[in-house]
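For reference, the chain that follows is the form predicted alone, supplied as structure tokens.
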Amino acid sequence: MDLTNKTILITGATDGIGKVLAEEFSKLGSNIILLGKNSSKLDKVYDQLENSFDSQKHLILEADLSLLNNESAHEILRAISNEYDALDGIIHNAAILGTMTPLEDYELSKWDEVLNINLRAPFLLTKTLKSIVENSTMPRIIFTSSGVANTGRAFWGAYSVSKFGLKGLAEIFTNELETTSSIKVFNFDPGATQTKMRASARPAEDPSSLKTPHELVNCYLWFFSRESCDSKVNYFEYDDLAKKVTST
């Protein structure tokens, strides 16, 4: 696939899966918009992005998604519009785990923070940036799911609730846009992966038994392929999509 000069926004781009996707997509010629809240980490990732093509142009957006509102979302839209004519894709990767505790003990402030970052921000960004995404010839919006989005599990609290909500959000956007827009919406569960969040959730787990973020790259690339244009499926789990990618 040709990703030369494709412009892709990645939230949570300073660590883990988001950082790896930013680096690998930039090697293929994409313009990467890095969105995160830590300026020093953003600068570091920006410096690592490859500029293989003269016209390649990357952008840093410093934003705290827990505080995102209509005004700041439109500021993000203006910042992107000032630099690019179209946004070819959004990868909603940013998320926080919150606390692993019974619901009756869950602190409201932490509950709100998790829901704001994991669910409210993807809704606001998608809603606000839809107009510039539709300027793309092959637009994509990718939400990041989780195994705890399908069945409620004790102690996963706000994180699980946010992923249940995100799954529904992706399905609603898919249904609403399929006959009115060229945007393809996908919801992807990357499964158990070596990330800081996974280590926090399962501290006793051996990280060497898990796949690395680099093993996810081909799955994310498939979402931007022409083959994905014909997909009637909105939701993918890693094992199924990895087999699909390997066979093509």
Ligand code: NDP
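All residue numbers are counted from 1 along the displayed sequence. For clarity, every value in this text was computed on a predicted model and none was experimentally measured.
The form predicted together with the ligand exists for this protein as well; it is not shown, and the discussion that follows is about that form.
Participant: Every residue in 74, 122 and 132 with a non-hydrogen atom within 4.5 Å of the ligand in the predicted bound form?
Facilitator: Zero of three within 4.5 Å in the predicted bound form.
Participant: Taking the ligand in the predicted bound form as the reference, which of 43, 64, 50, 215 has a non-hydrogen atom within 4.5 Å?
Facilitator: By the 4.5 Å heavy-atom cutoff, the listed residue in contact is 64.
Participant: Pick from 90, 94, 158, 170: which has a non-hydrogen atom within 4.5 Å of the ligand in the predicted bound form?
Facilitator: That would be 94.
Participant: Based on heavy atom distances of at most 4.5 Å to the ligand in the predicted bound form, which listed stretch, 81 to 89, 95 to 103, 172 to 180, 123 to 131, is the contact stretch?
Facilitator: Of the options, only 95 to 103 has residues within 4.5 Å of the partner.
Participant: Could you tell me if residue 146 has a non-hydrogen atom within 4.5 Å of the ligand in the predicted bound form?
Facilitator: Residue 146 belongs to the contact set for the ligand.
Participant: Check residue 34 for me: does it contact the ligand in the predicted bound form (non-hydrogen atoms, 4.5 angstroms)?
Facilitator: No, no contact at 4.5 Å.
Participant: May I ask you to state whether residue 198 is within 4.5 Å of the ligand in the predicted bound form, using heavy atom distances?
Facilitator: Residue 198: yes, in contact with the ligand in the predicted bound form.
Participant: Classify residue 56 as contacting or not contacting the ligand in the predicted bound form by the rule of any non-hydrogen atom within 4.5 angstroms, answering yes or no.
Facilitator: No, no contact at 4.5 Å.
Participant: Select from 185 to 215 the residues with a non-hydrogen atom within 4.5 Å of the ligand in the predicted bound form and write them out in sequence order.
Facilitator: Going through 185 to 215 in order - heavy atoms within 4.5 Å of the ligand in the predicted bound form - the hits are 189, 190, 191, 192, 193, 195, 196, 197, 198.
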